[in-house]
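Consider the single chain below, provided in structure tokens and representing the form predicted on its own.
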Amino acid sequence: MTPLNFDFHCHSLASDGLLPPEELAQRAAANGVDLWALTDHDTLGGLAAGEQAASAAGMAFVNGVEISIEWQGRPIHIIGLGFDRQHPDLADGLETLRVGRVERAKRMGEALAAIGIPGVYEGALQFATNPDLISRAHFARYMVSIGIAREVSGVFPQYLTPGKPGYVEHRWPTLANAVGWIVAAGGVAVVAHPGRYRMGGGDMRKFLGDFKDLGGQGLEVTCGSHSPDHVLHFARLARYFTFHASRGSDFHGPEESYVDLGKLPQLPVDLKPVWRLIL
């Protein structure tokens, strides 16, 4: 029996993706996706359009969001799936988070101006369909457009990661905040792309233990930025913590993504796919 082709991690113009939700749905369906979630950063603004387009394309749809948090000073992303998008706890929490994003972006612009690159905040806004969701990706796109780097991927290690001149520390919501909002809204909390976090084995197990204790149920095992070794490692951790496993491309657009929608390797066959908690 062919496994269900589900992709539970991608981004639209509602946050830092390059395509509108309608085009993402069409692309996912054309790539053979059976079950799709739109997981924009810190906003639910694209979900209605995404759901309508998925239905028109004959594809099942799941509400999603990717929430920016911090744990022990580390930036982490938590995906929420299958929630009630009208629930006030989640909506209010995300609104507070977006206000903080704008304040951080202004400070990033000031930091870059201080090293001789003025006007980056204003320039980045030209690349942000939703100014409340301005992000480092929008900064990077603008900086490429003015010749600071050839590609978006080249901007981050030089300017926008911890210790670099355009990176600004920010107090994100806590792990308890994000998991609490998702669970209150009837959803499933999943750790996004765990292979991208700079944690040793002990810290990762402590983090995943905290996540489970707070009500988290899923771990993204197969994702666009994960190597085959990552998949094997996080499959073992999913088994250890009895997490359901998620799968997501983290697709942002044709020019900026590790892999296309729905084109990921399948999950290891013994893992419980996270969609079983939702459908």
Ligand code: AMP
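All values derive from a computational prediction rather than experimental measurement. Each residue number is its position in the shown sequence, starting from 1.
There is also a form predicted together with adenosine monophosphate (AMP); it is not shown, and the following applies to it.
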Q) Tell me, which of Leu94, Ala128, Ala137, Val188 has a heavy atom within 4.5 angstroms of adenosine monophosphate (AMP) in the predicted bound form? A) Ala137
(Q) I need to confirm a contact call. Of Arg104, Arg74, Lys164, Arg205, which residue comes within 4.5 Å of adenosine monophosphate (AMP) in the predicted bound form, counting heavy atoms only? (A) Arg104
Q: Determine whether any heavy atom of Tyr197 comes within 4.5 Å of a heavy atom of adenosine monophosphate (AMP) in the predicted bound form, and answer yes or no.
A: no
Q) Within a 4.5 Å heavy atom cut-off, is Ser153 in contact with adenosine monophosphate (AMP) in the predicted bound form? A) yes
(Q) Is His252 part of the interface with adenosine monophosphate (AMP) in the predicted bound form - any heavy atom within 4.5 Å? (A) yes
Q: Verify the contact flag for His41: yes if a non-hydrogen atom of it lies within 4.5 Å of a non-hydrogen atom of adenosine monophosphate (AMP) in the predicted bound form, no if not.
A: yes
Q | Residue stretch of 114-122, 129-137, 180-188, 83-91 approaching adenosine monophosphate (AMP) in the predicted bound form, non-hydrogen atom distance within 4.5 Å | A | 129-137
Q: Could you list the residues in 11-36 that come within 4.5 Å of adenosine monophosphate (AMP) in the predicted bound form, counting only heavy atoms and keeping sequence order?
A: Asp16
